[in-house]
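Given next, in C-alpha cells, is a single chain: the form predicted alone.
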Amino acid sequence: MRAVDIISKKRDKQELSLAEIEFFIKSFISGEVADYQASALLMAIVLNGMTPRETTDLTLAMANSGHMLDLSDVVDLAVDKHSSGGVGDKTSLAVLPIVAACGLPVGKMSGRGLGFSGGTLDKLESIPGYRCDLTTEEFKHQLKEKGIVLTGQSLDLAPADGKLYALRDVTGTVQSIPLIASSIMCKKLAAGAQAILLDVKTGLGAFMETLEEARQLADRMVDIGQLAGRKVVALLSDMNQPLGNAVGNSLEVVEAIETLQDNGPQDFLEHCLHVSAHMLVLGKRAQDLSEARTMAEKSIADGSAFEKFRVLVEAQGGDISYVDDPSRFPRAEYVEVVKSPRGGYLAQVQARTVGEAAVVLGAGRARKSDPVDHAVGFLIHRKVGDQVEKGGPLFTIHANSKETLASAREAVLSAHVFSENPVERLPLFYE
C-alpha cells in the first residue's frame, strides 16, 4: 500500500477503505508519510468530501493513534463538551465550573486559537502560572480529587489529530465537515467521554456559516458518537455576532468570572445556562432540562460555581489573586471607546470581521508560530436589534500599538451595520 495511491484515489472522488485510512494515519504518525503528502490528502478531502463511513473510520483511526483514556475508575459517567469555535466564545470557562458545582465531575481537553476563532487555552494562559500541559495521570487525579479539569490535549491522546490540526491551519483545509467532525470527535473518544454535548456554531463568525452546514456537521458528529457507543447531543447556536461582549484572551476570562458572579452579559449567561442544563441531563444529575436549569442557576446564585473556578485555577498552578481581583490582569497600552457614527437600529455586528480584527491586534494567530498578546481585544457594547444613539459608545478597543488600533477601529466600525427600522434580535439557539 502506498500513500500516493491513497491520495490519488481520493483526488479521483473514490471512497477510501478502512485499511487505507488506517494505513495512512499510522504511516503519518510514524513519519513514513510526509507533511506534504498529508496536506495533499487533506486538500483532496476538502474538495471531494468523505462518506459517513469514511468519516467514522478516520475518526476512530485518529482516536486509536495514541492511548485511549479510561475514566471509569475515576468517575461514574464521563461527560464532555465541545464548541465548534466562534468569536467571544468563552463558554467552557463558565460552563465547566457550573456543572462541576452541581455535582457532575467534568474534565476537558481544549485547543488553541485557530484563525479568527479564539482558543480556550490561550485565554486560560492569561492567568499567570496556569498549566495547560497536565499529564494523563495528573488529569485523572485532579478529576477525581477536584471534580474539574481544563487542560490541553495530552500528547499521547489522538496524536494524529494534533499533527493534522496544525497542518490544516496553514494549508487552507480547515473548512471541511468530515475533517472538522473527525477532529472534534476523535479527541472526545480518546479522552474517555461517554456522553458528549456539542455546541455547533452557525453564522458569519462560525466555520459553518449556514444553518444547513451546521446541521450537517452536527448530524455527522452525532452519527460518529452513536456508532462508537456514546450518547451525544448537539445544539445549533448563533455566531453571527460575538457571544457576550468581550473578544480577546484576558478580557474574556474577566467576563467569564463576572458571569460566574452573576454580573455578566445576559446573552452569554443564558447560553451557559442552556448548555449546562443539557450537560447535567446527559450526566444523569437531573431528570429534565427544567430541573437542570434550576440547579445551574442556583450554583451561580450561591457562589459555588465561582468557587469551582477558583478550585480549577488553583489546582492547575494559576495565580488565584487574578481571579479574586481581575483588575490585576495586564491592561493594554491604548484603550479607546469608539462612538456610534449614526443613530438607528443595529442590523448586524459581523462576528468574523471582529474576530479577524482581534487577530490583527495580536489576540489570535495568523500563523501557528505567532505569539499571542493576552491583553488586547474588544468590548462590543451593542447587540443586533439594539437601538443606538449617534455618539453613544459602540465598542472599546484594547490595543498595544497605534497602528493596530487604527486598523481595528476601521474594521470593527465596518462590522456594525445600521438600519432606520427596528430589527429582530438574533436567537441564541436554533435547534
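Since the model is a prediction, treat every value here as computed from it, not as a measurement. Numbers for residues come from their place in the sequence shown, where the first is 1.
A second form of this protein, the form predicted in complex with a small molecule, is not displayed here; the remarks below concern that form.
Colleague: Where, among 80 to 88, 224 to 232, 121 to 129, 243 to 251, do residues come within 4.5 Å of the small molecule in the predicted complex by heavy atom distance?
Modeller: Looking at the other structure, the answer is 80 to 88.
Colleague: Any chance K187 has a heavy atom within 4.5 Å of the small molecule in the predicted complex?
Modeller: K187 belongs to the contact set for the small molecule.
Colleague: With a cut-off of 4.5 Å between heavy atoms, is F207 one of the residues that contacts the small molecule in the predicted complex?
Modeller: Close contact exists here: in the predicted complex, F207 approaches the small molecule to within 4.5 Å, heavy atoms only.
Colleague: Within 4.5 Å, heavy atoms only: does K308 come near the small molecule in the predicted complex?
Modeller: No - in the predicted complex, heavy atoms of K308 and the small molecule never come within 4.5 Å of each other.
Colleague: Is S340 a contact residue for the small molecule in the predicted complex, using a 4.5 Å heavy atom cut-off?
Modeller: Although the small molecule is absent here, S340 would stay clear of it in the predicted complex, with no heavy atoms inside 4.5 Å.
Colleague: Which pick from L179, V313, L273, A286 sits with a heavy atom within 4.5 Å of the small molecule in the predicted complex?
Modeller: Of L179, V313, L273, A286, the residue with a heavy atom within 4.5 Å of the small molecule in the predicted complex is L179.
Colleague: Among the candidate residues Y345, Y165, F139, F329, which is the single one with a non-hydrogen atom no more than 4.5 Å from the small molecule in the predicted complex?
Modeller: None of the other options qualify; the answer is Y165.
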